[in-house]
Each structure stands twice: as structure tokens, then as C-alpha cells.
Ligand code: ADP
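Okay, so here's just one chain, in C-alpha cells, the form predicted on its own.
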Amino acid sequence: MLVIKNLSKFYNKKNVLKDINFQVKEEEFLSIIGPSGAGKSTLLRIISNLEKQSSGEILQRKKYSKENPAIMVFQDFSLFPHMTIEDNIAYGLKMRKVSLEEKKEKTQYLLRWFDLEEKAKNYPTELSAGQQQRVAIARALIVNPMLLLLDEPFANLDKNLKMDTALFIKKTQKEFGITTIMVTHDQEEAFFISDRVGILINGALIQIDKPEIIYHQPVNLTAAQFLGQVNTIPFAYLSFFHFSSELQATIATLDKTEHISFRYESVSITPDINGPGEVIESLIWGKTILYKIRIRDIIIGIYVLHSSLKVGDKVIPTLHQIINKRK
């Protein structure tokens, strides 16, 4: 549906997007994740024709038009404060001068779908951030866009709202079959709702693939570390670990001269007074406990959901999964 080919963008000689290449499939939900300042919003604005690239091409199956628009939903929602929710949603149809009957039918359908019927006569300032976001997306969908572009849709939401919102966005995108590109720094929600995910760091798209491949088979250590905490140890130190049965065959195929990387949550620990590891630090880290374990002259981090271990306890680490960097 959409092909981004060798796209670059310069601001005052600063290269903020560097030779970007990817394709977007029909009815796909694609997310681009990356840290603040990586160039995510700039990329989205270029795709939406709000900005012009410095070089490269955007090839489309159909050109954007009044009948086939690309609609961008901004992170501040950009609702009309002087209009009711009903009028905000219907705005695109009003500008297209559709019949009153059609406008009412489509608006009422979206009010029901987005659970906003009781708020139809309210104004944006009377709604929660989550409700305002639903209005913004409903306003975009009412004109049946060929492409929906979401700029940091979770940025203004409380943490408790994010999962419900992600679920609703995923359900809505599939129901309406709208090709969607989202940019966000919130990787958990991106992984949850996306068909594919791209990682944009320092203006370069370093990997794009299915979420499970991005997470477990990152293209390099930079990609792996962006997605979460990583331990990297010399191969020789694996002799101090036990291995899950499914990992044993993989370990036997590894290059013994290379370092091995694994995520904090890919290790479990068992108390043992003769264990090779020693707990040197214990911290509450959100919903998990973060343990720092010393094994000889290296220190590794481990996340566990619950444990009664304390500093000084001896442990045996068991490795369940390693990061297989893609060649």
C-alpha cells in the first residue's frame, strides 16, 4: 500500500532521518518506536504530507485525496473546543457537504462504537483524556481514511488507562480495517497492538519486524538494549549457570569466543549455600524485584516477581533464553 524508499530529512544541515526504507501493507498496524528526538514524529509528518522530505520517495498504491485521505491524530488531540463532541466527530463530513441523513447516521454509529453517546452534547474540556482521544480517533475515522497516523497516542494518558486504550485501538483498527502507522516511545503498547514494529534510533531505522522477532532476535545490541535491560557475559561464565531443557541444544551451537547476551527476566535463581552466585543488591522495581548477583568478577541483573532472598544469600542461576542477534 505504501513504500518508503531512501527517505532522508535535514534540518539546518542536521540529518534527522537517514535513508529510511520500509513498506506498509494493506490494513496493517505498524508502529515505529524510539527514544525522544529519534525522528519519529518527523517521519509521520512527512508520510502525512505535512512536511517534505529532503530526499527519497513515498510510493502509494493510491494518491492521497479528498476521497482517500491520510489523517493524522496528534498527541494533543487538537479537538475544536467550541464544538460539542458530536460536532467534532461530524466535522469531516460537514466539510465534505454530505447529506444531513448520512452525517447523522455515521456520527451516531461512531458515538456508539466509541461509547460516547452520553457525551455527545458535551464539550472537549468536559471529557477525560481517554475520552478526548476517542473523539479524535472517531473524527479521523468518519471520513474513512486510507491511512490513519497516530502520533504518541498514549502520551497524555495515565498508566492505568494505557492498557484499556491499547485494547480499544487494536479492536477499532481491526474492525474498520484501516491501515495504521503509529509512532510512540511506549514499546509495551506498541508490541501489544502492532502487526509489525520498527525501531528508530538517531534517525536510522535499525530493524522492522514482528514484535516477537524484534524482542527475541534484535539485529544488534543497540536494538536489544533499547527494548530492555540486557546482561552480556563471556561464554566461559555459562559454566556457572544451569540451563532450561529447551536452551541446552542452542548453547551447544554457540561460538565459544563470543559474549552471550540475555535479558534480566530470562534468568531465574534458586537458593543454594554452595551456589556460584551471591545476592549483592535487592531493589523493588515496579511490579518486580531487581536482584544484582555477583558471579566471580561479573555482576548480572535479574527480575523476579517475588522472592525472599536477601543480600548475602548464595544462589544458582538458571538461564532460560538468550538473545539471538540476527546476522
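All residue numbers refer to positions in the sequence shown, first residue = 1. All figures in this text were calculated on a predicted structure; none of them were measured in a lab.
One more form of this protein exists, namely the form predicted in complex with the ligand; it is left out here, but the text below deals with it.
Proximity of Ser41 to the ligand in the predicted complex: non-hydrogen atoms within 4.5 Å are present.
The ligand in the predicted complex is not approached by Arg294, whose heavy atoms all lie more than 4.5 angstroms from it. A residue is said to contact a partner when one of its heavy atoms sits within 4.5 Å of a partner heavy atom; Gly56 fails this definition for the ligand in the predicted complex, lying far away. Residue contact check for Gly286: none of its heavy atoms lie within 4.5 Å of the ligand in the predicted complex. For a residue to qualify, one of its non-hydrogen atoms must sit within 4.5 Å of the ligand in the predicted complex; all three of Tyr11, Lys14 and Pro35 qualify. Remark: of stretches 258-266, 62-70, 273-281, 42-50, the one touching the ligand in the predicted complex is 42-50 (heavy atom within 4.5 Å).
Along 181-205, not one residue places a heavy atom within 4.5 Å of the ligand in the predicted complex.
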